[in-house]
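Only one chain comes next, encoded as structure tokens, the form predicted alone.
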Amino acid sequence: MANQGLSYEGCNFLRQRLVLSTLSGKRVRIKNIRSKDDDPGLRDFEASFIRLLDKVTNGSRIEINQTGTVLSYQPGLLYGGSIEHDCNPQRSIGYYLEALLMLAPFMKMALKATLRGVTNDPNDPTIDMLKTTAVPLMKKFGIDGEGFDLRVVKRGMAPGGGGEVIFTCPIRRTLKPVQLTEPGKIKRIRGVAYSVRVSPQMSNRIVESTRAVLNQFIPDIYIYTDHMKGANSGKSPGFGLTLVAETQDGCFLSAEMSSTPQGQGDPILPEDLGRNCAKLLLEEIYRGGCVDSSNQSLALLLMTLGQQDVSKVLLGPLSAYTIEFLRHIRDFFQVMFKIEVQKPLEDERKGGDKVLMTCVGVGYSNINKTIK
């Protein structure tokens, strides 16, 4: 089986498969990619993602048939270094960055990636969200240092894009196991309301309506307004909000919303956006756990790759994406998680059912990093 690699069908979970293939060094072949569609094969944003993988690795072999319905990927070594990539505007930079976050610690050279495209859209996690949730999560696994940073240079809303983001990440020889089992109570809420190419008043209106909902629960709320002008505001108008709730034990739960892209669907009022986003945050807090639903798979991957020791993380209900990710981890790394459902006690008001995930890391070590 080892030389055959793994094979899958269909276009779903393409990123998961390619990222895990790159980390495990196992070949992967994906067939029947939208083969029944009028427009079969890989989409432009997927091809762009594959090119990005090619840029950060050395010696990857990628074969795609003429119609784009079959993809073979033989991963090379993770190289890193300084790269620039123009992300396809069909998906936001967050789509590409989620994968880079998973790969960056294991490069040969520390990664400095300049990504251009859409920074905020309704479908993918925005840069603001990854910065406030994914980055602190990675720090818990021992990925930190001065070079660990995610910075928005220019904002670019969908559909036009024109944003720019710089992501730098140091390399690590090994990851440390974690025990994240007590989320603790929410102690404060922070957020960013951003607006580009619309009146700066939009951000203030968002903040006001958000506070109207959240002030009923907690006094310590601070929402920054970020209004970028001129060349830094990208090509399309829009506004949005990212909210993050921090617990006493340093866990972060987030929610976000962006305005409807220009020319697509019904426009949304900033007041409604603020209110709805606040409700989304409350729902995320109800789901609870030590990691919010958008970062479940990142946490599980870092647990899998940790030293040969037990890691435990308490999560809210698993998303469909996460469940598929667990299947892939089993395929690529032969790691099975122990899953225990914990029901909250009636009087505790701790929200929905939680899931305690336990695994023993594979002791993955960065083969590129020579020991001095």
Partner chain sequence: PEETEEMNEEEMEEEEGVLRWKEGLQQKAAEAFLRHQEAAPNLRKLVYGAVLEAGNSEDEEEELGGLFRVSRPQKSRKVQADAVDCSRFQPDTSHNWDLEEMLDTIRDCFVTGKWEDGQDAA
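The shown structure was predicted, so the numbers you read here are calculated from the model rather than taken from an experiment. Numbering follows the first chain given and starts at 1.
Although it is not shown, the form predicted together with the partner chain is what the next lines describe.
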| task | Using heavy atoms and a 4.5 Å cut-off, decide whether 29, 80 and 314 all contact the partner chain in the model of the complex. | result | no
| field | Contact of residue 61 with the partner chain in the model of the complex (heavy atom, 4.5 Å) | value | no
| said: Given that the partner chain is not shown alongside this chain, does residue 229 nevertheless sit within 4.5 Å of it in the model of the complex, heavy atom to heavy atom? | reply: no
| Is residue 164 one of the residues lying within 4.5 Å of the partner chain in the model of the complex, judged by heavy atom distances? | no
| message | Taking the partner chain as it sits in the model of the complex, is residue 48 near enough to touch it, meaning that at least one heavy atom pair lies within 4.5 angstroms? | response | no
| Of the listed stretches (111-119, 213-221, 153-161, 198-206), which one has a non-hydrogen atom within 4.5 Å of the partner chain in the model of the complex? | 213-221
| remark: Across 29-63, the residues having a non-hydrogen atom within 4.5 Å of the partner chain in the model of the complex turn out to be 32, 33, 34, 35, 36
